[in-house]
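One chain comes next, on its own, written out as structure tokens in the form predicted alone.
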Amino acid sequence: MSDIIGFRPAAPGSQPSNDTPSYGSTRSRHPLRPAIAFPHSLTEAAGPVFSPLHFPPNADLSVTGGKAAQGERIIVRGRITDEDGRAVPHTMIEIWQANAAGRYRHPLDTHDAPLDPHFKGDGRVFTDAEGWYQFTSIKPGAYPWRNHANAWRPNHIHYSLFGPGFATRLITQMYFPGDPLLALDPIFHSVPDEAARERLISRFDLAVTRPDHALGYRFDVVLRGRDATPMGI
């Protein structure tokens, strides 16, 4: 019997639509014509090699220069797997987020919330041999955006997951349980299927919580198949 397992596409409605009218940016970003397939070179399919040696990890975003950032400290732990629950080991994950006041350390962020000199808002971790990852950060704040009148983005953390090459990079967002802004967010609702949207929401985990230090959250990512985590948001 062959050990090769055929590709299993994501279930219909479980991934965001390129054309989501309620999300204004898709009017200028989504393709108007069918995609054109082109062959990948060896460089695109098998390189570069993302390793801690060349891409130093930064698993603690809550401290900069030995000084603690302001806000609610959190720990996020999860596992990266394929559609059969098998670990995806040694995968590089880059994360970025707003600070506790809801502001990014970026020149294009003009929100009048304060910047935190001890919070840069970006980090990098690698999964271990069993597919586990973990990082410490500050719970990000909500922030206004210009999608529609009085629009606010829910608390979220961006994830970028790298495969063996640039062509296999995947991007998603992690949300927090109980956030009232989720019901109003067009990016979250660009995923049509409710069950798939729920896979974007982390869950509180007492086992991850560190006493007298930080609340813990669990956020697992499934890379493909019917239970795949929504990507491209």
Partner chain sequence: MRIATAAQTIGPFWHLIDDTGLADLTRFGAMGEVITLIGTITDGNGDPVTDACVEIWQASPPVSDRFPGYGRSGTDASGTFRLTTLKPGPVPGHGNTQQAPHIAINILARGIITRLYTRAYFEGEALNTTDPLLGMIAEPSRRATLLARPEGSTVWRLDIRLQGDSETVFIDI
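Everything numeric here is computed off the predicted structure, so don't read it as measured data. In this text, rigid core is short for the largest set of C-alphas that superpose within 1.5 Å between two forms. Numbering follows the first chain given and starts at 1.
The same protein has a further form, the form predicted together with its partner chain, not shown here; the description that follows concerns it.
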Would you confirm whether the three residues Gly121, Phe162 and Val221 all fall within 4.5 Å of its partner chain in the predicted bound form, going by non-hydrogen atoms?
yes
Test of understanding: in the predicted bound form, would Ala37 fall inside 4.5 Å of its partner chain by heavy atoms?
yes
Applying a 4.5 Å heavy atom distance criterion, does Arg169 contact its partner chain in the predicted bound form?
yes
Taking 4.5 angstroms as the cut-off for heavy atoms, does Ser190 touch its partner chain in the predicted bound form?
yes
Within a 4.5 Å heavy atom cut-off, is Ala129 in contact with its partner chain in the predicted bound form?
no
Within 86-116, the residues that have a heavy atom no more than 4.5 Å from its partner chain in the predicted bound form
Glu94, Ile95, Trp96, Gln97, Tyr104, Arg105, His106, Leu108, Asp109
Threshold 2 Å Cα movement between this form and the one not shown for Gly165, core superposed
yes
How does the C-alpha distance between Asp82 and Gly165 change in the predicted bound form compared with the present structure, closer or farther, given a change of 3 angstroms or more?
closer
Looking in the predicted bound form, are the Cα atoms of Ala87 and Pro164 closer together or farther apart than here, the change being 3 Å or more?
closer
